[in-house]
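Shown below, as structure tokens, is a lone chain in the form predicted on its own; questions about how it binds or moves come after it.
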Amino acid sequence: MADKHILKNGMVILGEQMAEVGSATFEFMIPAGASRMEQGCCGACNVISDWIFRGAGDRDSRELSDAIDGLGLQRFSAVGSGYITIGSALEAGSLSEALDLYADIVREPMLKDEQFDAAKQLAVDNVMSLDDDPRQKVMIKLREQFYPSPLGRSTAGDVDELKALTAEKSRELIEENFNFSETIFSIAGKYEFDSVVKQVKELFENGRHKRPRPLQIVQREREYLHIHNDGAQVHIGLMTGTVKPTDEDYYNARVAVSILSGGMSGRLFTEVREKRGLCYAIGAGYHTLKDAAGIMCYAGTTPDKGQETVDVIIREFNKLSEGITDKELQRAKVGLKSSLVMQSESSGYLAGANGSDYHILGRVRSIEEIKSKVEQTSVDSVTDFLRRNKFDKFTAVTIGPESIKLEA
């Protein structure tokens, strides 16, 4: 069972002890993700997640980098729809010093003007580099088209809005969104929970505490978007809605997606790539935010095969409701449980999964609970779910020389 403590200001502390390791991974989930940024500031969260590491507390940028390296921290950061996540993997004996260091980064970043332009330029370069990575770009645009605004806002950013971003505005965004009452701290590996709670309490309980600010969610028409590119390939992103993790059919949905795209024996790979030779790459996966969820699919092919590829993919989605076999079900269960077991051996995975669980579900699921829920699914339960949840609406984004027609 995961450890949990909630500070008086609302900050949540989660922990998952791993007896056989000598390391730990921790992360801070700070409510300053892409959907939290003001209109016209798309991508500011990427600038912020870099800028706060360019000097904090009484250390300038070089001194902070030296301190991080001196503790042997394997630093990481990520930007999601709701949160900026920053953290480190480390040898367990360095945990207390690392927490002090990260407290300075979160509470007292220097935010010097002379460091801002470098952080902003990196964010601009990252967006522009997506032109060289159309597979990633098409999926970012797909989420943007599929999810309500601002939930689907690009986590990479918009070049024009980034170029217009100022240091002053970024400081305002930090002051507004670095709210400890909504922050989740998650740790996994070797640690002593009471000591962690005591230290985090001393560092953060008296920090920024604000009433959570609700997002103004606006439903949007899920239109087809085509981005013209004269290359020899077409990159296809398709997405259709499904149940959220809070729904009783969540595990039926996960098994259905695994049957559709669970490796080389999945239906998409078999039908679209192997039997018909329509594409060189294809895959689908479940994707969720707190307030919405969908099944995302990517296919890479040539322009002359783009339309047929889309048609066959949608046909395979719809054929699922006609029935699945027990062999497919068992293969999907084994794949899901095997992946879960392997991931659960990583402190980084557990820290992230526990934080995500708490954000979405308000609690942390155990590995045993997830395995049990997967095992409880049946041919009848998955088929019944699919018949009650038809894939009748698809959002599509393509990048290539020719567009496609989306009829389903």
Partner chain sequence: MEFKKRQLDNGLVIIGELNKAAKSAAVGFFVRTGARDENGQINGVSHFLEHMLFKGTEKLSAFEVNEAFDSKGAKFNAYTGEENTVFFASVLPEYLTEISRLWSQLLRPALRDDDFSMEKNVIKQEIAMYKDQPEFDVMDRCRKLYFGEHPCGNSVLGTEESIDKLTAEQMRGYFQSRYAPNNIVLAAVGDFDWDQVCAVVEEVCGRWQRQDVTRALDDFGGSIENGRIAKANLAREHICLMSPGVSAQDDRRFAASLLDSIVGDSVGSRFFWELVDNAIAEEAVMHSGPMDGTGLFYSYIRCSRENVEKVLEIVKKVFSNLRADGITNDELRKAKNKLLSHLVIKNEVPSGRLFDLGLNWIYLKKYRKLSDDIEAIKQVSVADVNSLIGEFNLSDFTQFSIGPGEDGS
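Residue numbers count along the first chain shown, from 1. Remember, predicted model here, so these are calculated numbers, not experimental data.
We do not show the form predicted together with the partner chain, though everything after this point is about it.
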TODO: Just one of 192-200, 85-93, 162-170, 311-319 has residues with a heavy atom within 4.5 Å of the partner chain in the model of the complex, so point it out.
DONE: 85-93
Task: Position in contact with the partner chain when the complex is considered in the model of the complex, options N206, T302, S149, T246, heavy atoms within 4.5 Å - done: T302
Open item on the list: Just to confirm, with a 4.5 Å cut-off on non-hydrogen atoms, which of G231, G80, G323, G285 contacts the partner chain in the model of the complex?
Closed with: G231
Task: I140 within 4.5 Å of the partner chain in the model of the complex, heavy atoms - done: no
TODO: Indicate whether the partner chain has at least one heavy atom within 4.5 Å of a heavy atom of R273 in the model of the complex.
DONE: yes
- [ ] Although the partner chain is absent from this view, report whether E375 comes within 4.5 Å of it in the model of the complex, heavy atoms only.
- [x] no
TODO: Would you check, heavy atoms only and a 4.5 Å threshold, whether R75 touches the partner chain in the model of the complex?
DONE: yes
Task: Three-residue site R135, S339 and S344 fully in contact with the partner chain in the model of the complex at 4.5 Å by heavy atom - done: yes
Task: Neighbours of the partner chain in the model of the complex among 41-68 [non-hydrogen atom within 4.5 angstroms] - done: R54, S61, R62, S65, D66
